[in-house]
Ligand code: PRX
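In the form predicted on its own, a lone chain appears below as structure tokens.
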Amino acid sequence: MNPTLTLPPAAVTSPWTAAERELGYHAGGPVNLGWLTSDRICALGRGAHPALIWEDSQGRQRRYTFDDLRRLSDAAAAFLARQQIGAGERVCLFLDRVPELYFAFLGILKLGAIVQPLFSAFGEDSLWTRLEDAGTAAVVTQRRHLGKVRRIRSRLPALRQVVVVDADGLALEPGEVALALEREPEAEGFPVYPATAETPSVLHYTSGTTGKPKGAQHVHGALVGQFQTARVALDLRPDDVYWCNADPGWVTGTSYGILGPWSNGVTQVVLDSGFNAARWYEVIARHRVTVWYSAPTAIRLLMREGSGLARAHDLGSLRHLASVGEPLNPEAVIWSRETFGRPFHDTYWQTETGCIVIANLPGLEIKPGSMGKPFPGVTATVLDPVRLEPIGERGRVGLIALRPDWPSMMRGYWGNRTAYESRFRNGWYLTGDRASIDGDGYFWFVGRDDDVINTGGHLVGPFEIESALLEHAAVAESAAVAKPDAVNMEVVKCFVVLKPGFVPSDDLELEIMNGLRRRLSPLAMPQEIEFTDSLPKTRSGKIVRRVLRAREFGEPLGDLSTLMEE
């Protein structure tokens, strides 16, 4: 298979052509994500270059080159083909961040099947909902999660095969098969499926504010966007050592934890372990990480541990820092510049967009708290919420909207055409988020469309309030939501998690309120602060304000399957 790539017609004439040339695109040629991120890199003479440096919670390490990646992904594809898994069928990866996840991910794509990565901490109901919706044919898992699959299997008539990657000594049941990938026979020359740019590739499930999770369907041609944004927005270079904290159960962990770096031939570190500030710094120092992609929640947790811990480690290898998942507070940008000698660059995108669409690009002046500017090749604006037309007035809040012509956008929600079509109006893709644009073209996030607080007819976003709260020495985490009010329709209520050593009290609440009065307009001032031990979060660490808001309004809580257990 030649290093070629086919794109949808809308993208062929776009500024993404630089990425097409780098990937060896020519019109009408085949494209397969699995091949482009492994075999192609070997064909470019980088087969011996490190692809994966893996480390687990016990400090055990395994290292793989791009040639290993090529061979093991071929072996995974051949194994699944022997299990009668065919092109277009959904294969779920229900694994911790073990090496087999990454090899199987590429192998499924080489086979022409659709890879369905799911977060391994999902419970049985959450797992069943997504497998049933997708009609999943096979699940690749490990013994620690096998019990969940077994308990729901009788309710999944489409599920034909369960593959266990660490089954040595395990009594398997009918319909289960062991896969010891590194002991599988060589599959040199595996016939890679001749996917086109529009062939389905990755199915990522995302939760809306209500209703069951929706499967965002991506395609093989999405790699153009992921390749280019990884190279430009994340500043990836051939000899970088890159670390993305995200689990592949979420789109960041695939677009920028697999496809973006490996299509650029970049070495990446994977830590199969939870958050621990000291351990994270040790990983950066030990492996000489140069580019780090993290999340604001994680950055705030690092801030909570203090700069002293960071300075106790040799982090001089770091060259570029970026964040994703929710708005990056100004305090975090300033703190990282003081602590690491360089700021975190906020990036904005969604499961549905498939790649970064707005970012603080390297070399662009950072305005702390801003999302940055549209990525080259992406047309973004804010729309009037009623007329759904672009707002000409700078600084006015509207709906973030994108022209649907970048290569990585989703092609649909699995089995839910109505929900998909509802995201498009007047030739724009509606993100469901609100922002304003300043006179320099920078976007400033306000909140999810349903997070925005309408108090007395004035729109108040939670981000500014939460940022002001985080400046108080006692506040570790915060969330601002609407609560009902007979006069103003809605007023602001804040939930606050305190740092260790601080105790809730009326005096502390008054002190925090006085600090806010110096920062916020009267409209944005909270009417109430509630101290709490924790905030509802997704398993990727994003604060879910809608749950807090629903409790205040006495409304249904909606889908809670992706939340951390409190």
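Residue positions are given as counts along the sequence shown, with the first one as 1. Here the rigid core means the biggest group of C-alpha atoms that line up within 1.5 Å when the two forms are laid on top of each other. Owing to the predicted nature of the structure, the values given are computational and were not obtained by experimental measurement.
Just so it is clear, the following notes concern the form predicted together with the named molecule, a form of the same protein that is not shown.
Visitor: So, a 4.5 angstroms cut-off on heavy atom distances: do all three of D74, F105 and E182 pass it with respect to the named molecule in the predicted bound form?
Guide: No, none of D74, F105 and E182 comes within 4.5 Å of the named molecule in the predicted bound form.
Visitor: Since exactly one of E352, D96, D240, E490 fits, which has a heavy atom within 4.5 Å of the named molecule in the predicted bound form?
Guide: Selected residue: E352.
Visitor: Using heavy atoms only and a 4.5 Å cut-off, determine which of A78, V149, L271, M371 is in contact with the named molecule in the predicted bound form.
Guide: Residue within 4.5 Å of the partner: M371.
Visitor: Of 278-286, 470-478, 405-413, 324-332, which is the one stretch near the named molecule in the predicted bound form, taking non-hydrogen atoms within 4.5 angstroms as near?
Guide: Residues of 324-332 come within 4.5 Å of the partner.
Visitor: Hey, in the predicted bound form, does Q226 get a heavy atom within 4.5 angstroms of the named molecule?
Guide: No, Q226 stays farther than 4.5 Å from the named molecule in the predicted bound form.
Visitor: I'd like to check something about T196: if you look in the predicted bound form, is any of its heavy atoms closer than or equal to 4.5 Å to a heavy atom of the named molecule?
Guide: Although the named molecule is absent here, T196 would stay clear of it in the predicted bound form, with no heavy atoms inside 4.5 Å.
Visitor: With heavy atoms only and a cut-off of 4.5 Å, decide whether T347 touches the named molecule in the predicted bound form.
Guide: Result yes; T347 sits at the interface with the named molecule in the predicted bound form.
Visitor: Should F495 be classed as touching the named molecule in the predicted bound form when contacts are defined as heavy atoms within 4.5 Å?
Guide: No, F495 stays farther than 4.5 Å from the named molecule in the predicted bound form.
Visitor: If we check the named molecule in the predicted bound form, which of the residues in 98-115 reach within 4.5 angstroms of it by a non-hydrogen atom?
Guide: Heavy-atom contacts to the named molecule in the predicted bound form: nothing from 98-115.
Visitor: Inspect the rigid-core superposition and answer whether the C-alpha of D450 shifts by 2 angstroms or more between this form and the one not shown.
Guide: Yes.
Visitor: For L44, does the CA position differ by 2 Å or more between this form and the one not shown when the superposition is done on the rigid core?
Guide: No, its C-alpha moves less than 2 Å.
Visitor: Shorter or longer C-alpha distance for M489 and F445 in the predicted bound form, given it differs from this form by 3 Å or more?
Guide: Residues converge in the predicted bound form, at least 3 Å closer.
Visitor: Closer or farther: how do the CA atoms of F445 and L523 lie in the predicted bound form, compared with the form shown, if the change is at least 3 Å?
Guide: It is farther: in the predicted bound form, the C-alpha atoms of F445 and L523 lie at least 3 Å more apart than they do here.
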